[in-house]
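One chain comes next, on its own, written as structure tokens: the form predicted alone.
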């Protein structure tokens, strides 16, 4: 059993050690070039408008992007690589609910400009350096 004084020293020592670890990891994150990995120089007005549309329509309520969101519908981080612009444009432009697997994509009735903005957003997201996320599927099985 630790005495009161030993417990206090143990707590303070642990706090200092983990605070230092936090500082080192924060410095590493900031110095590792997040703007280089996200290609923030490529954020255009269209990309920003696409992000606003993505948020306003609660796309994360069904989809996952950058590992965040729901798991009901497909992951959208690399959707432009997987499906291509034509497919994504067709899905977003659909005037009726759309499905391939029994799960319906809501028909949002986006305008051409909104579809272009969402495609620009997905293209920008897909070009980020995410250290191998999402992993490539093993198709050999």
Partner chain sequence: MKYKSQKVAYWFFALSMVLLILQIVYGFIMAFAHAGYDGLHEIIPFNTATATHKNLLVVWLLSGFMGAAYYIIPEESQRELVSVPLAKLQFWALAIVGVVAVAGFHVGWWEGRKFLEIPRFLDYLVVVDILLFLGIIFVTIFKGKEKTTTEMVLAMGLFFAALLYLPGMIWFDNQSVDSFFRWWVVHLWVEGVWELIMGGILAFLLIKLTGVDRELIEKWLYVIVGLTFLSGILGTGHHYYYIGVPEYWLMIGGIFSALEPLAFLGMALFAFAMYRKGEKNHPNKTALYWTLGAAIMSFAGAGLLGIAHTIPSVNMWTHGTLITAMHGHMAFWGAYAMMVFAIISYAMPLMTGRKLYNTAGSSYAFWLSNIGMIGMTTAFATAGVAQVYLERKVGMSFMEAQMAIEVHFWVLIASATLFTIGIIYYVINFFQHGMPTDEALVENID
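In this text the structure is predicted, and so the values were computed from the model without any measurement. Positions refer to the first chain, counted from 1.
Only in words, not in the display: the form predicted in complex with its partner chain, which the text now covers.
For residue 87, no non-hydrogen atom is located within 4.5 Å of its partner chain in the predicted complex, even though that partner is not displayed.
Of the heavy atoms in residue 91, none are within 4.5 Å of its partner chain in the predicted complex. Interface membership of residue 62, defined by any non-hydrogen atom within 4.5 Å of its partner chain in the predicted complex, is confirmed. In the predicted complex, at least one heavy atom of residue 121 sits within 4.5 Å of its partner chain. Taking its partner chain as positioned in the predicted complex, the residues of 33-63 that bring a heavy atom within 4.5 Å of it are, in sequence order, 33, 34, 37, 38, 40, 43, 48, 51, 52, 55, 56, 57, 58, 60, 61, 62.
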